[in-house]
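As a starting point, one isolated chain is supplied in structure tokens, in the form predicted alone.
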Amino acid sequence: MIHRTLVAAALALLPALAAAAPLSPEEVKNLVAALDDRQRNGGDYRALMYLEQKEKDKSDVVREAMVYRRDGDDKLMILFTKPKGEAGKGYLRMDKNLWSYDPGTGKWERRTERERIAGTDSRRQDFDESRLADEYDATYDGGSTLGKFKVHALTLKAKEGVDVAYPVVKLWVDQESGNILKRQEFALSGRLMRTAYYPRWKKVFSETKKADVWFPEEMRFFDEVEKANSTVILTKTVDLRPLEANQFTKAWVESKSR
């Protein structure tokens, strides 16, 4: 069950300023680059995830998915395995294009960055490697507190010509751990579209990177337009061993639904 009030209480944004000195523009740039680097493997990535979806006047839906990445080639695949009616459906991003596959029709369709993955409140970026420094310019909103955490508050605006789900993003970054705790995304009009919380992070050592790779163990997304809708994503396992060479192809996805 998703209890928004409990999450908000645990990570409520308070107005008191933290004691840390303001960050310079160069320090803000380095902070955003660090957010990307700590989640980037440089090699392959495999994760088992559970998605719990709540929608107004509908029964809750729980899905299981395998997520595959090849960070060196900017490739991503999401393959649903449960429930039975969703098994075989998937998404594939390659050559900067996002495609969805439905085994029922055997057809591929091109999708936009705003695509709701499997109809949930998640987007492509929530499964992919972090590209904040490549996609946005950041400014510092000051130090503050988020619940018991001292945080850096940032505003990110999409770079010209870059295709992103939302042109304006606000982040609250834990000053101690360097992890993102809260994210809000806005339309060009300034309307708040989605709020996300990241209450738990974990790390795993990467032989490719020769360093730790961090990933959100729990992500909670709240639709700010349809207030009753929300999604929780739990990352159950992460494996950084090499994947099959030909895995990131439409043929490979199709083979899994036969």
Partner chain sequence: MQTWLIAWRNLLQHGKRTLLLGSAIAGVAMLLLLLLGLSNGTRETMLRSATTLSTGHVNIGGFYKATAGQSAPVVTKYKELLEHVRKNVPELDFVVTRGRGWAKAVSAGGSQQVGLAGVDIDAERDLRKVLVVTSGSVDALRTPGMVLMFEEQAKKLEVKVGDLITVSAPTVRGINNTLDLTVGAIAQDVGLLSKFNVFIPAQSLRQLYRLNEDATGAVQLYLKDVKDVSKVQERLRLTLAEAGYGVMDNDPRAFFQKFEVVNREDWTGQKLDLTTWEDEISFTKWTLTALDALTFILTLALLVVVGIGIMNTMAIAIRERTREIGTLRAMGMQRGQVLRMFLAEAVLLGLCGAVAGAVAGLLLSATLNALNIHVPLAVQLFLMSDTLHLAIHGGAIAFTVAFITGCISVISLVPSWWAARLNPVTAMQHVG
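Keep in mind the model is a prediction, meaning the values are calculated, not measured. Residue numbers count along the first chain shown, from 1.
One more form of this protein exists, namely the form predicted in complex with its partner chain; it is left out here, but the text below deals with it.
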Among Y166, F149, Y101, F80, which has at least one heavy atom within 4.5 Å of its partner chain in the predicted complex?
Y166
Note which of D60, E226, D212, E26 lies within 4.5 Å of its partner chain in the predicted complex, where distance is taken over heavy atoms; exactly one does.
E226
Exercise: W108 in contact with its partner chain in the predicted complex, heavy atom 4.5 Å:
yes
Taking the shortest heavy atom distance, is A87 within 4.5 Å of its partner chain in the predicted complex?
no
Hey, in the predicted complex, is M193 touching its partner chain, heavy atoms inside 4.5 Å?
yes
Is there a heavy atom of K56 no more than 4.5 Å from a heavy atom of its partner chain in the predicted complex?
yes
Assert contact_stretch over 199-207, 34-42, 213-221, 185-193 against its partner chain in the predicted complex, heavy atom within 4.5 Å, equals 185-193
